[in-house]
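One chain follows as structure tokens, the form predicted alone.
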């Protein structure tokens, strides 16, 4: 994984540089016009926001049951990336909504649960930084709650009436819309993997240094 970090960052940067030209060549959506092109960044950010919660939850389970420092490092990294991609989601969404729906925000199930997940990531990060002894286990419990929220966010548009389209819409997009979307998604995904690996490595190194300091103090 570490060997792929640098190539992934370079390839992602190159693809994101090219992405505006692909997005510009994509046709306007018939009802929303130009503002719909935010979708090409909003959708990848939103999916990786949910992926962050899943990675954080699984890593937290491994940490709670097997006490693995590496799992804890992955949980920390994914939580911080959840904040990043959650912020992108919650900023690009209202910008799109204001032009498409005439409002910045509506309290529909998907939006509300996405905000809750973002706040869980924020609470996790603050707890890990300032919580003191035992905060790692408490934060891991919060991560599990965040992961359990993901399926509800995803299927909410299929269960409740909402302004968001159903989950079946994206896989059936015409080619001229699908190519720039999946191109941007691939670029965002490579960037996500590279940043996740870098941050997890840093967190693991910090944990090892702290353990050395504790051993020295005890000695």
Partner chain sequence: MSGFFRVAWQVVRKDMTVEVRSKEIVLTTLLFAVSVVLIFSFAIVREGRAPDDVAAGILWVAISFAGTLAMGRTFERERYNDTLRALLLAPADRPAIYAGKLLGLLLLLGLVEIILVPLVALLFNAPILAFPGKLITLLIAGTLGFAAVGTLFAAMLVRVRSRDTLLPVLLYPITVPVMICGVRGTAALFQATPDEPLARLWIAILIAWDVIFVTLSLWTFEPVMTE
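Residue numbers count along the first chain shown, from 1. Since we're looking at a predicted model, the values are computed, not measured.
The same protein has a further form, the form predicted together with the partner chain, not shown here; the description that follows concerns it.
- Scanning 111, 81, 71, 120 against the partner chain in the predicted bound form with a 4.5 Å heavy atom cut-off leaves one residue, 120.
- With a 4.5 Å cutoff on heavy atoms, residue 51 does not count as touching the partner chain in the predicted bound form; it lies far away.
- None of the heavy atoms of residue 28 is located within 4.5 Å of the partner chain in the predicted bound form.
- In the predicted bound form, residue 106 stays away from the partner chain, with no heavy atom inside 4.5 Å.
- Contact annotation: residue 181 falls outside 4.5 Å of the partner chain in the predicted bound form, judged by heavy atom distances.
- Taking the partner chain as positioned in the predicted bound form, the residues of 111 to 133 that bring a heavy atom within 4.5 Å of it are, in sequence order, 113, 116, 119, 120, 123, 126, 127, 130, 131.
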